[in-house]
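Same chain, two versions here, written out as structure tokens and called structure 1 and structure 2.
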Structure 1
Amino acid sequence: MIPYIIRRIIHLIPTFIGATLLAFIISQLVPGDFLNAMRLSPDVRPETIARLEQSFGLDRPWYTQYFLWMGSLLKFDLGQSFGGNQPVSAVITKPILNSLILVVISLIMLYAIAIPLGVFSAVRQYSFADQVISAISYFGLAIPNFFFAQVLILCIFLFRGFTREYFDHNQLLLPVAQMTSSNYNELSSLAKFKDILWHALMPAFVVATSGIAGLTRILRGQMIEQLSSDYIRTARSKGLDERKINYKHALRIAIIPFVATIGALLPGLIGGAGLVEIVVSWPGITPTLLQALTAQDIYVVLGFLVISTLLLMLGNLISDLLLAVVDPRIRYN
């Protein structure tokens, strides 16, 4: 196992170099740079532009900029942000942590809901409950997350309108925007944690919706296939408890596709919640990334890329190792 891990890590080095080189070349193909707005301003002198180009290294060839940037990466330095003239790590740390809150909660919802629903649907195949779960799953796969977030926001406001006689008119069933309440700074540490968690429930559920729908359908199909296998019939003929057959024997094999998807989960942790963050005004990765793209702050964009690439490679390695744990037929030497 150890030699296999070492070989995989060695093979990841050229992959990482190729991914960062390709991303850097693409960023250089975009017309202009961060100083475009200053060049168009009549109030900024050419000497100032030249000094800033030299300070940011924009006056050098792209390959020189790349090697300088890679040299910084070897020192665990993601470079300097053009916008705030501060380290990229300082710019992206807080948005990543904010997005992690949403994504971690959504992952907990994903597995806590998808696995029981998938097993339940497979065990009660073609029942009314199975058909309802299938219909909801197709709905979750079809509707875009950002649109579903807007629908939920509308439903929450309508609920407040219909129940204003029973609830405080200024309070909503769930928060629909921002990450914290207006009095957040006045709260205790525990109250701050609860406040953030309360604000994250709705957007986290929206982020998890498509994943719940997809994995429920996958697990249902896998469970149906396993429950019709010879070893399951043998286990039933021996008088084993049906719950033990479902969860210990069939589920262990059926869950293998879930383990294989772990490789995509780690980069998903910093991939953020996408446009859902925009809809609910959550200060996560997507707003920061869009601002960096608009301003052509390439080192901030590349900083997100580097972290997501590393997590993707690490996630694939972890998923391969976990597959060997779940499936005894797989062995690595």
Structure 2
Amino acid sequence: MIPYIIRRIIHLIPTFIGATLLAFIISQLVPGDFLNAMRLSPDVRPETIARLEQSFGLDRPWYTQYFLWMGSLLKFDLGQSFGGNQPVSAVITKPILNSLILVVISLIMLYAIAIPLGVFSAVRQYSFADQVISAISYFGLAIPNFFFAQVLILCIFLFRGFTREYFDHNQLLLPVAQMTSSNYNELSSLAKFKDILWHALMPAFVVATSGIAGLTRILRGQMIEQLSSDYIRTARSKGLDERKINYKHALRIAIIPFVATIGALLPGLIGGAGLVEIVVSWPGITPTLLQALTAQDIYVVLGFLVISTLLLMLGNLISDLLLAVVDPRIRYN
């Protein structure tokens, strides 16, 4: 096992270099650079642009820029953002943590909702409830997250109109934007925690919905397969409790394919929650990355890329190892 892990880690090095080199080349293929916006200004002096090009190193050939960047990367320095004289690590840390909050909450929601639903659907196969769950699942699978978030925001506003008319209560049910309330600083730590949770509820649910659909469907299929197998019939004939059969025997086997995907969750955790973050103004990875992409602040973009490449490689390794733990047929030598 240990030599296998070491071998895998050694293999990661060329992969990592290849990935970053490719990303760097692609970022250089895009026409223009960070100073483009400035070049389109009627009154910025050409001297200003020349001075900034030099200080950002944009006047050097791309391979020189790459080696300089790689050199600093080996010292665990992700480089400097062009905007505001900040190190890239400072620019990307906060968004990564903020996205993590949203993604973790949505993952909890995802498993808490999808696993019972999947089991239920399998046990009550073809019942009316199963069909309703299927229909809702397909709906969740089909609707784009950013659109669903907007629909929910609209519902929250409509609900306010409704409650005002009938209950004389002019408050929004849930916050529609941002991660904290405006009085966040005056709150106690517990209230701060609750405040963020309160703001995360709607976007996290939106992110979870697309996953719920897929997970429920796959788990249902797996469970149905297990429930019709011989060992379940044996267990039933021994007179075992139905709940024990479902959760202790069938589910444990049915869940194995999901373990293999846990490794893929790791980069997903910092991949951010996607466009939902923009719709509800969650200060996460997606808005920061998009801003960096449009401004061509390349080292910020590459910073995110380095982190997610590392996590992807690590995640793959972990899920391979986990698979060996849960499935006795797999051995690494």
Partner chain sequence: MRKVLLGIAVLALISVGLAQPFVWPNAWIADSEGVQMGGTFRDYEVSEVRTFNPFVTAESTGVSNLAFQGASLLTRGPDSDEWLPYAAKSFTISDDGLVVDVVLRDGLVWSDGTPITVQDYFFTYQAETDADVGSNSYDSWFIGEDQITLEITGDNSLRFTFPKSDRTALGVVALTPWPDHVLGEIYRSGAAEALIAAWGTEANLAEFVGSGPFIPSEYRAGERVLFVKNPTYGQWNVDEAGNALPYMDGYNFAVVESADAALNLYLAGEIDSFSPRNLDDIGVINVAVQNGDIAATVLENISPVASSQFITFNWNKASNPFLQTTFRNVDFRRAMSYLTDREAMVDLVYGGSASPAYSSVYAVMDYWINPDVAKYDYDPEAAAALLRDIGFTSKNSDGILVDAEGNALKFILATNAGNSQREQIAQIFADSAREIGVDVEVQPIEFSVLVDQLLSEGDDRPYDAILIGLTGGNRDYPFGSNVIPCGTNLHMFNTSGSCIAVEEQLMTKLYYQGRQSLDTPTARDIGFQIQKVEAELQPIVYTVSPAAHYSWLNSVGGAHPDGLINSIVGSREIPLTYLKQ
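What you see is a predicted model; the values in this text were computed from it and never measured. Counting starts at 1 and follows the sequence of structure 1. The term rigid core refers to the maximal set of C-alpha atoms that superpose within 1.5 Å between the two forms.
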Legend entry - Correct structure when looking for the form predicted together with its partner chain: 2
Inset, instruction - Kindly check if the Cα atom of Ile26 is displaced 2 angstroms or more between structure 1 and structure 2 relative to the superposed rigid core. - result: no
Legend entry - Cα displacement of Leu52 between structure 1 and structure 2 reaching 2 Å, rigid core superposed: yes
Legend entry - Met38: Cα shift of 2 Å or greater between structure 1 and structure 2 (core-aligned): yes
